[in-house]
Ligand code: HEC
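Read the single chain below, which is given as structure tokens and is the form predicted alone.
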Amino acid sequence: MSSRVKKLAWLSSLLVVSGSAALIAVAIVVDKNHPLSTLSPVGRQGREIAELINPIFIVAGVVFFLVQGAVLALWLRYRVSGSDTGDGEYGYYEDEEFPEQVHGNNRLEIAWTLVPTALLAVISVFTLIALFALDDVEASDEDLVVTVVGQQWWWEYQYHLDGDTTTPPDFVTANELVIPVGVDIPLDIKSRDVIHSFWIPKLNGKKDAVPGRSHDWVIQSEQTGRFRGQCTEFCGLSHGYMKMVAVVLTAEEFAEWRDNQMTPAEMPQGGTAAASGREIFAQQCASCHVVNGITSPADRGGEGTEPDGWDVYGEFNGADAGVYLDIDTLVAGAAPNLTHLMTRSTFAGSIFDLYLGAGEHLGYLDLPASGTLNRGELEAWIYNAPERKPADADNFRGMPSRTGLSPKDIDDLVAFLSTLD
């Protein structure tokens, strides 16, 4: 390869890298519909973060192109053609062929030390301002507080309508955090097993969920809708499948949803497929899953046959309400509360839609009555969950398979689950 061709190849590579970086940056900024984008916030906290990082991205982009431009300018200014050996390869340089070597330039060295220092100092000031703003929680402790519990590999939400997280919650749900629009909702973030990290980027930044500790956080949205999130602390086999959804409703819709969530499930009518499914559920599922009003402590190997109430979340670990078993074991030993499963739009850690195409034409509260159940995916999940989502169910991490169930058993089980609205 000739020296001229090599130079052109080097220059082309530099331009391709610079152009690609620019295109990626533009794509990130323009793609406001990306589900995990921090650049299109819908809440107060998310906006504080965006207003901090957007100028930093611009400054970083300017610095990138200044540095790349300087490299290119230096290459063009001081390039030297080597002696051609005649076979298209570079030859060698005699000492007298090299340009004058300059070692050190005090003015330049001082400049490229002070300028970045000043730039980082300014960024630090605005970062601290943003951090203080994120810690400014306007909600009252007497209002709704949600205990967020991370476990392998899903999220649980315990709603305390009076703000007292030391007592059993008023109701419990999983995977989808439902909140009213325009209201700061305090979160009490915990873990039942290993370290997780709670992140719904359009609403706020990340907050770790650490076993044995409780971290305060707040979430708020100025728009109704569904906003996706992701666990961002590596937590085992299905870390990448540990997702969550924030559902933001109007105040009236939230009140209707809340009132429904507080009611226990009803026993299905005898002689129906749902009744048969309830029996299968009691035998196969109730040792982990709770359905308030139907399951009982005896289903989990304990004492008492009275149907579970919401106080089941206060009886496991004393004052640390809602935490199953001994957290020092780093094993959750818990499963999603299914009392109102059919009011949710996702399942299995929010990786599958519970209804077909529901987000395109149905309101959240209309799902149980008008949605088309994603029956195939739900039955496949029940039959062999580890095939759909990696798990270590033998060690109480993730859902075990139920491959011993017949097709009729699964049909009956789904018929029972379909009544949980």
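Residue indices: 1-based, along the sequence shown. Predicted, not measured: the structure shown is a model, and the values here were computed from it.
Although it is not shown, the form predicted in complex with the ligand is what the next lines describe.
K.L.:
Is every one of Ile49, Leu177 and Arg228 within 4.5 Å of the ligand in the predicted complex, counting heavy atoms?
P.N.:
The answer is no; none of Ile49, Leu177 and Arg228 reaches the ligand.
K.L.:
So in the predicted complex, does His239 come within 4.5 Å of the ligand, heavy atom to heavy atom?
P.N.:
No.
K.L.:
Can you tell me if Ser287 lies within 4.5 angstroms of the ligand in the predicted complex, counting non-hydrogen atoms only?
P.N.:
Within the cut-off, so yes.
K.L.:
Please run the contact check for Ile382 against the ligand in the predicted complex: heavy atoms, 4.5 angstroms, yes or no?
P.N.:
It does: once the ligand is placed as it appears in the predicted complex, Ile382 has a heavy atom within 4.5 Å of it.
K.L.:
Quick check on Ala348: any heavy atom within 4.5 Å of the ligand in the predicted complex?
P.N.:
Flag for Ala348 set to yes.
K.L.:
Which is the contacting stretch out of 113-121, 265-273, 153-161, 187-195, given heavy atoms within 4.5 Å of the ligand in the predicted complex?
P.N.:
After filtering at 4.5 Å, what remains is 153-161.
K.L.:
If the cut-off is 4.5 angstroms on heavy atoms, which of these, Val148, Leu338, Leu203, Val145, is the one near the ligand in the predicted complex?
P.N.:
Contact check passes for Leu338.
K.L.:
Are there residues in 394-421 with a heavy atom within 4.5 Å of the ligand in the predicted complex, and which are they, in order?
P.N.:
Counting only heavy atoms within 4.5 Å of the ligand in the predicted complex, the contacting residues of 394-421 are Gly398, Met399, Pro400, Arg402, Leu405, Leu413, Leu417.
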